[in-house]
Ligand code: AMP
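A lone chain, given as structure tokens: the form predicted alone.
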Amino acid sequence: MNKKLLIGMICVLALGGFSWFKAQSVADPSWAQATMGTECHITLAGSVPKRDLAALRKKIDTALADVNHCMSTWQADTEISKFNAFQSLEPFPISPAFAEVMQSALAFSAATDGAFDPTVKPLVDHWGFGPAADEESLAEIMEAVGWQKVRLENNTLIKDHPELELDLSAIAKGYGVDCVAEVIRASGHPDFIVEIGGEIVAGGTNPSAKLWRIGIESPEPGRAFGEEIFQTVEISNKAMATSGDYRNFRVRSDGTRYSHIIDPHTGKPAMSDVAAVTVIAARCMDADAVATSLCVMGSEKGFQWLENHPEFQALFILHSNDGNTFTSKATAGFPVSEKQNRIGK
């Protein structure tokens, strides 16, 4: 056979094989799927075989369904709903996943002096943010509220008050993001980003081989998601969570607003100078819990707390005195531009 013809045939076969392989893969796949009353957004950096991608998506679906079945208070057949309906002081068996989240929830309750409290569900309902209205007086409700009134012992939960109920929405989404991130890493994809309702884990680098750039929204009520960005950050192999008073809120008859973030000490919606706070941590579950806690504490106590917990970095967006603008302050290790106000050296 002619040597040139042979080389040509080899090139044609090689190009054909490359084209076939490319057709069987997806470059930088990205998708969204409904979960936890919101959406989960996922992007992978790099080329992923279609077969592997289909298998990965099934694993992610399973992981999200498991989290939802554990911790959704909006479904009667979930673990948390069954526990809430269990009006007994006897031990209530729970799954290892539920126990893991409760262990963290109670640890943060202790660490934040109760600013984080998983027993606020009756208060969430009372103020109109839960699946059912609670018509009891605030004083009656508070009798069953308090993180020290529930104990975790050997994968069981024990109530000290029969009407105690749990709401883990301030930590469950972060846990869900962590679970999805772990599934992706275990499947051999180190470069990815996962987001559920504003809670994020970013692994490795983006499709351009750079750090993942994430926008922090300006906390103005009525703005569409992503409509106005207050600050951008770049992270890799970190988790990020944001809490604030600007998305989920109600309006009183006199026109004043109150948010879904409940102060467990008063039983009322938190009233602090914090419009929003973004926390960066190793795990999204932790960042989620700390962000809620800092909103309850307010900026002064929040900064004091962060000084004793350097494993967390935070950006506070604060209400100005005029009520129409915002200021911001960040911990020294938070990855913001130099124009932002910082604490620390």
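Numbering starts at 1 and runs along the sequence shown. None of these values were measured; they are calculated from a predicted model.
There is another form of the same protein, the form predicted together with ligand AMP; it is not shown, and what comes next is about it.
Chemist: Using heavy atoms only and a 4.5 Å cut-off, determine which of Ile216, Met102, Val124, Ile141 is in contact with ligand AMP in the predicted complex.
Modeler: None of the other options qualify; the answer is Val124.
Chemist: Would you kindly say which of Val274, Ile80, Val120, Ala239 lies with a heavy atom within 4.5 Å of ligand AMP in the predicted complex?
Modeler: Of the listed residues, the single hit is Val120.
Chemist: Please determine, with the chain shown alone, which of 147 to 155, 166 to 174, 231 to 239, 88 to 96 has non-hydrogen atoms within 4.5 Å of ligand AMP in the predicted complex.
Modeler: Of the stretches listed, the one contacting the partner is 166 to 174.
Chemist: Whether Phe116, Pro264 and Thr292 jointly form a contact site for ligand AMP in the predicted complex is the question; each needs a heavy atom within 4.5 Å.
Modeler: Yes, the whole candidate spot contacts ligand AMP.
Chemist: Does Val296 reach ligand AMP in the predicted complex, with heavy atoms at most 4.5 Å apart?
Modeler: Residue-level check for Val296: yes, a contact with ligand AMP.
Chemist: Would you please decide whether His260 lies within 4.5 angstroms of ligand AMP in the predicted complex, comparing each non-hydrogen atom pair?
Modeler: His260: contacts ligand AMP in the predicted complex.
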